[in-house]
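Take a look at this single chain, the form predicted alone, given in structure tokens.
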Amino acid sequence: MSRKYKHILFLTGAGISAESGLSTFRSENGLWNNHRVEDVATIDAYLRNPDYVHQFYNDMRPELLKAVPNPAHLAITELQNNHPAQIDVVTQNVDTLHEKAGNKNIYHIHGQINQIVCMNCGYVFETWSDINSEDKCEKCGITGMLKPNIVFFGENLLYMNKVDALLKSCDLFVSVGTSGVVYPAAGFVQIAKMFGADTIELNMEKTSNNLLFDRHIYGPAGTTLPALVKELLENK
């Protein structure tokens, strides 16, 4: 790898958190922690039965709170601390393992498990505590309008204007542990490539985006990403 990169952009998915024990929330049969996605991850489900939806995320928070970063997350911190390039992280994960690992410039496009948003005034705050439909927004004072700051199906992803700018300015795009089938994130590599970036995919197996990447590295992220970071630091 002879190119001297000035802007490295990571896109991370569930695969980067697998070795931290968080790989099974969404299963192949469409269930999320043994719940139908339609019952816990749509705005209609929230409006129909907010306390049921709140309880689902209340139950999930303790497991994500105790999860610890693995070598893949820590490798990004090492790269950010020792490489002169601008390095950003766009993640599809709602966990906070990037933060726990010390990563910087993180954009949670699907939201965060430890954030709550008021649907009345838009106020966002962080908490690991339980939330229910009786809770009041501390900013506007309205009761029953607090929602997990998770992007439900049918809602717009977060930070998309910023992400679009990052995709157009990066000269290295690295996808880690994401399937490449869920849009718009599956199209990020195409945008980066169109604007001249080198593209690398780290995954356990080939994805449907296989042909859009210049290079493929297969194996667990906790092994492959530290190796790639070592290579990038040797050629900085």
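When you see a residue number, it is the position in the sequence shown, counting from 1. Here the structure is a predicted model, which means the values were calculated and not measured.
What follows is about the form predicted together with a small molecule, which we do not show.
Exactly one listed residue, out of 181, 211, 194, 68, brings a non-hydrogen atom to within 4.5 Å of the small molecule in the predicted complex: 181. Contact with the small molecule in the predicted complex, judged by any heavy atom within 4.5 Å, is made by just one of 130, 138, 164, 155: 155. The small molecule is not shown here, but in the predicted complex it comes within 4.5 Å of a heavy atom of residue 110. Within this chain, residue 97 is remote from the site of the small molecule in the predicted complex, having no heavy atom within 4.5 Å. In the predicted complex, residue 9 stays away from the small molecule, with no heavy atom inside 4.5 Å. By the criterion of a heavy atom within 4.5 Å, residue 150 is counted among the residues contacting the small molecule in the predicted complex.
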